[in-house]
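Single chain ahead, by itself, as structure tokens, in the form predicted on its own.
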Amino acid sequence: MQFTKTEGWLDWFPNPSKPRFPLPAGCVDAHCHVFGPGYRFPYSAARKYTPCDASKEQLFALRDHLGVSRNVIVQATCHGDDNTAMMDACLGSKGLAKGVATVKSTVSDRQLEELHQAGVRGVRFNFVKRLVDITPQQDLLQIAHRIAPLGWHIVVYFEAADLEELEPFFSRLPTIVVVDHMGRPNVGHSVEGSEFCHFLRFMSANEHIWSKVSCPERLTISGPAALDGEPQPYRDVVPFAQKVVQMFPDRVLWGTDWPHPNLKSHMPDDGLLVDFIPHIAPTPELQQRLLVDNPMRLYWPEET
């Protein structure tokens, strides 16, 4: 089956640089995706975008190029609740990838068990209206209580302006809750501003809330610029991510977000995304927690 990409769609960066920052052994890319390939894993009829193909083989090649050891593959909205492509990638990883699925409240116990056997360890609730049709909170709460006995967690994607409305719901969820991309703060505002401080208070008040310090390419205003001839990737995002890492060192994750869906301004060099890490986690101890200890505890607890 042939699919035509959404107009203006930016394909992933074809020749990423080799990172200057050497990743620690066992590093986990805790947020990435696979798209199709569409001829094998068709895109959802209800999708709001049609991406480029981005196969498991291409993801694993990037993993090896960057020096990453493992992946967490998050279900892409273009595939809806058909998790087949993500499951296939997990099963093809030889144990080096786990998954985060999208499911409906009608999912059967047998389907949940199949997902678990494939390596799924969480579900994603997406609250970004331009990407998905919002599912009623009662349905999401039902899903949360069904996956909790499996030891799974919930990944939530929302925009900063919606946190106040969503916070009571997140606080009620019976599992670990991982926030995508720090809740998408506006980095044009101060790190001490009311919006981001609200997010930090939210994490402080709820010990089951984790955060990914990922996707500076989505948040940046300054872009992947150089300063005095030295790479300073996404320097306007650094104070925000650094604050989260310092305050919650045992509840943070990092990921590339490859192949970077729905970007409009630029397609990031994934090598620079790795070189962003020592700016936000400046010590070996913080890097070990962010990149190895925390994701292993959440996704491979049997090995920790």
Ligand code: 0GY
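Everything numeric here is computed off the predicted structure, so don't read it as measured data. When you see a residue number, it is the position in the sequence shown, counting from 1.
The same protein has a further form, the form predicted in complex with this ligand, not shown here; the description that follows concerns it.
Among the residues 184, 146, 116, 153, the one placing a heavy atom within 4.5 Å of this ligand in the predicted complex is 184. Exactly one listed residue, out of 232, 126, 175, 220, brings a non-hydrogen atom to within 4.5 Å of this ligand in the predicted complex: 126. The shortest heavy atom separation between residue 75 and this ligand in the predicted complex is within 4.5 Å.
Contact annotation: residue 31 falls within 4.5 Å of this ligand in the predicted complex, judged by heavy atom distances. In the predicted complex, this ligand sits within 4.5 Å of a heavy atom belonging to residue 157. Put simply, residue 257 is close to this ligand in the predicted complex: some heavy atom of it is within 4.5 Å. Only one listed stretch (118-126, 91-99, 203-211, 137-145) carries heavy atoms within 4.5 Å of this ligand in the predicted complex, and that stretch is 118-126.
Contacts to this ligand in the predicted complex (heavy atom within 4.5 Å) from stretch 244-277: 257, 261, 262.
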